[in-house]
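Next comes just one chain, in structure tokens: the form predicted alone.
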């Protein structure tokens, strides 16, 4: 669901993308859109490439032509997950079509954009029930429907990224013209299981809902594409610039739930 003031644009179409951007005359080009459904990407690899990579190439050429910075949103999913956590400069090793398409976008921006910000997000949370299609909303929907048992994977680690904090941090980087590559994620590494446990605590349902830990194979029929075991991000580049607006994930999660899911609270 998009806001009423947003218009449709197929940014895979270079001329359409260019005409729209030139007509608007922006100071920056912020490229947000992507196919993020990992199963869709794996089974529709050409569509995945066109949307997640070719469109980024379009954005790079347009930004260069207009002489404006390009801001590209990437993902922690570009890493293999074999390490416990990843610094900004660690070499990516994508393990699926989605991850490859995002990493190819990163590479093209870094190699061809005259001025750019590549911002890698972790497990994104934001937008509330109307827009959030990620882990938080899936759990909150189950709780809203009155489930008494949650099945949550215990073998996936990561770092949540609250969209509000992400936007504030990206704004600081842009304002100060701190161009380059940055991991942008909340403080504190965690797991899917710990996030779900925290959600039960925030909603007052710890005594009413049981969490059953399972491994990823439990959901293999729905989520059949392999994910990295760890998507934990360190924010060394961000910290070095002194503009890190990211809070601890528990603090951000509490604000998110209170702001968007107040009717879920008991």
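Positions refer to the first chain, counted from 1. For clarity, every value in this text was computed on a predicted model and none was experimentally measured.
The same protein has a further form, the form predicted together with a small molecule, not shown here; the description that follows concerns it.
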| item | value |
| --- | --- |
| Interface residue in the model of the complex among 79, 162, 98, 182, criterion: non-hydrogen atom within 4.5 angstroms of the small molecule | 98 |
| Among the candidates 173, 196, 121, 143, the residue which, in the model of the complex, approaches the small molecule to within 4.5 Å (heavy atoms) | 121 |
| Stretch in contact in the model of the complex with the small molecule, which is absent here, among 213 to 221, 58 to 66, 200 to 208, 33 to 41 (heavy atoms within 4.5 Å) | 33 to 41 |
| Contact of residue 73 with the small molecule in the model of the complex (heavy atom, 4.5 Å) | yes |
| The small molecule contact at residue 9 in the model of the complex, heavy atom, 4.5 Å | yes |
| Partner contact for residue 133 in the model of the complex: the small molecule, 4.5 angstroms, heavy atom | yes |
| Contact of residue 51 with the small molecule in the model of the complex (heavy atom, 4.5 Å) | yes |
